[in-house]
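As structure tokens, one chain now follows by itself in the form predicted on its own.
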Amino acid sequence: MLTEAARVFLQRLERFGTLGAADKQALQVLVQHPAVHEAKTDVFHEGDERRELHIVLSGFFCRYRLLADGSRQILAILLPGDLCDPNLFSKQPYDFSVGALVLGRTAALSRLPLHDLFRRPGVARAFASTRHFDDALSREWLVNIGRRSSEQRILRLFSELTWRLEALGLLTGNVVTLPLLQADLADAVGLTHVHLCRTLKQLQTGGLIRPERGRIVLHDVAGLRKAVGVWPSYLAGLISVAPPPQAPEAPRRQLASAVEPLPI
């Protein structure tokens, strides 16, 4: 399993930067402690001490926060190759938890030797780009929850997951099954379960999705992305598909001709 863990880890880093043979060898040695996680179990909890850097090998995981009333807000959905904690050098206890949404596996890297590897430019650039990508995802999720309708929140999250799965080679064809409970989806897009169910029924009527027990089937990935209508520029560091061509801008009017002089 360690060999597979190293492969997944290095494959992810190489999407964001070129690593030399010596860089790969040094990083591969750090990958250790593979672990299997049942659904609804945690990799670590809020308040735990940061000791290792965890990477997802398989399955769906999430970063989340629990509120005082017991409700949960999912902050990110983690796929194979994702780092559970993007704060590589923080010495503070975790201010969030990471848990498995379905059966999955992780591996761990020792933080202390990793610090020394940042003297290698290729390693430093790859991790910096990974952190930038993670920050871009967080900004998109913030906008999604803060300013978009319930339908757009769900469509954009589904579209994002299809792009990310495709980049991993885990999406084939125009149909994909997401192993997400409706409760998990509601916590990811900031909706009550009642509101979520009503919105899913509307999307199901449109033929894009079909909620099932313990999963959601996306029937038409291409149609889903078209319904979103916006190129996911925040995923540019991960996906290799060129953005669609944009229509030429209309000529701008000169300011002088558009403004009349004020009467004196």
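What you are looking at is a predicted structure, and each value in this text was computed from that prediction instead of being measured. Each residue number is its position in the shown sequence, starting from 1.
Same protein, other form: the form predicted together with a further copy of the same chain, not shown, and the subject of what follows.
Q: Report the residue, out of Val31, Ile209, Val43, Ile55, that has at least one non-hydrogen atom within 4.5 angstroms of a further copy of the same chain in the predicted bound form.
A: None of the others qualify; the residue that does is Val43.
Q: What is the one choice in Val217, Ala236, Cys197, Ala35 with a heavy atom within 4.5 Å of a further copy of the same chain in the predicted bound form?
A: It is Ala236 that has a heavy atom within 4.5 Å of the partner.
Q: Pick from 57-65, 23-31, 221-229, 197-205: which stretch has a heavy atom within 4.5 Å of a further copy of the same chain in the predicted bound form?
A: Selected range: 57-65.
Q: Would you say all of Phe96, Glu140 and Arg147 touch a further copy of the same chain in the predicted bound form, counting a heavy atom within 4.5 Å as a touch?
A: Yes.
Q: Check whether Asn87 has any heavy atom within 4.5 Å of a heavy atom of a further copy of the same chain in the predicted bound form, and answer yes or no.
A: Result yes; Asn87 sits at the interface with a further copy of the same chain in the predicted bound form.
Q: Find out whether any non-hydrogen atom of Leu75 is located within 4.5 angstroms of a further copy of the same chain in the predicted bound form, and reply yes or no.
A: Within the cut-off, so yes.
Q: How about Val176 - does it come within 4.5 Å of a further copy of the same chain in the predicted bound form, if we only consider non-hydrogen atoms?
A: Val176: no contact with a further copy of the same chain in the predicted bound form.
Q: Heavy atoms within 4.5 Å of a further copy of the same chain in the predicted bound form: does Glu160 have any?
A: Looking in the predicted bound form, residue contacts with a further copy of the same chain do not include Glu160, since no heavy atom lies within 4.5 Å.
Q: What are the residues of 47-71, in order along the chain, with a heavy atom within 4.5 Å of a further copy of the same chain in the predicted bound form?
A: Those in contact are Gly47, Asp48, Arg50, Tyr64, Arg65, Leu66, Leu67, Gly70, Ser71.
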